[in-house]
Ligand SMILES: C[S@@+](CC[C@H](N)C(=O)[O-])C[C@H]1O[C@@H](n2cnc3c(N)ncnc32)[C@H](O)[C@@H]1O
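Next comes just one chain, in structure tokens: the form predicted alone.
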């Protein structure tokens, strides 16, 4: 999934840096408290005692319930996928009516056919769950598969802040549900959907990895349609883009971020704290250092990173092609 702030390409840098500080992690609890798509938690899933994964967004909760919390094989997983791919189309679902041109005449996030197919699969998955034909493990596996497969044929420039006027080539392809395969291991893991500053007071562990929003872009707006598919409850979409109500993070606010971040650090019952941030974030390097240094031994790792361009096919000029990615480190003593 194309995702703002994704750490997928930075995983070698992150793992090497974290391991150089922590050392052996086999018996340690690793918390990814702003998990997003969960790539960092997934990278440590097989090597730590357990993962605690959290994100306030519904789509992230679904992804991580599958990729992190699911750890035992699902015997009939391919059968479910095949059944969903071959259902007769439901003609009047919520996605088609509100986010396809043939349904609303206003929005074109998906082709008409794919919008109907998303509705068809989503309704069937929910029906299976309500009828106890599938358990939670299968439910989140199928929902995760649907979110990722739908994202591949969305008529957007990677985020859902807007749709394209004409259906692009990738969005013209028929939606084919592909299985979101997860790593199998013996350890159990926990996934939450809470405000990070609330959850931090309820958990403890060894390694806390923090990857909060860097700027004023709200993830609830940029990925609102994935939340809509994940939750699949009717509401009245707002405006040209069909927004839903969404929670606004204080980490996206210049007025609140520093106090919110310090409260998180102060409340954390973890020995090792790592913060991913970059040189274009709201907080400056020295501000972060000043806050973290109050609570123990501080260090910093730096690497260059290619900028994420959500609208790379549009005419937009960027000030730089690369950003500096910082990994702030705190070995907490108080």
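Positions refer to the first chain, counted from 1. As the structure is a computational prediction, the values presented were derived from the model and not from experiment.
Not on display, but discussed next: the form predicted in complex with this ligand.
- None of 42-50, 56-64, 266-274, 286-294 except one has non-hydrogen atoms within 4.5 angstroms of this ligand in the model of the complex; the exception is 56-64.
- Taking the partner from elsewhere, residue 143 is found to have every heavy atom lying beyond 4.5 Å of this ligand in the model of the complex.
- In the model of the complex, this ligand sits beyond 4.5 Å of every heavy atom of residue 103.
- Although the partner is absent here, residue 195 lies within 4.5 Å of this ligand in the model of the complex, judged by heavy atoms.
- Contact annotation: residue 7 falls within 4.5 Å of this ligand in the model of the complex, judged by heavy atom distances.
- This chain is drawn without this ligand; in the model of the complex, the residue among 249, 155, 114, 149 with a heavy atom within 4.5 Å of it is 249.
- A heavy atom within 4.5 Å of this ligand in the model of the complex is found for exactly one of 93, 179, 161, 213: 213.
- Although this ligand is omitted here, in the model of the complex all of 3, 33 and 37 have a heavy atom within 4.5 Å of it.
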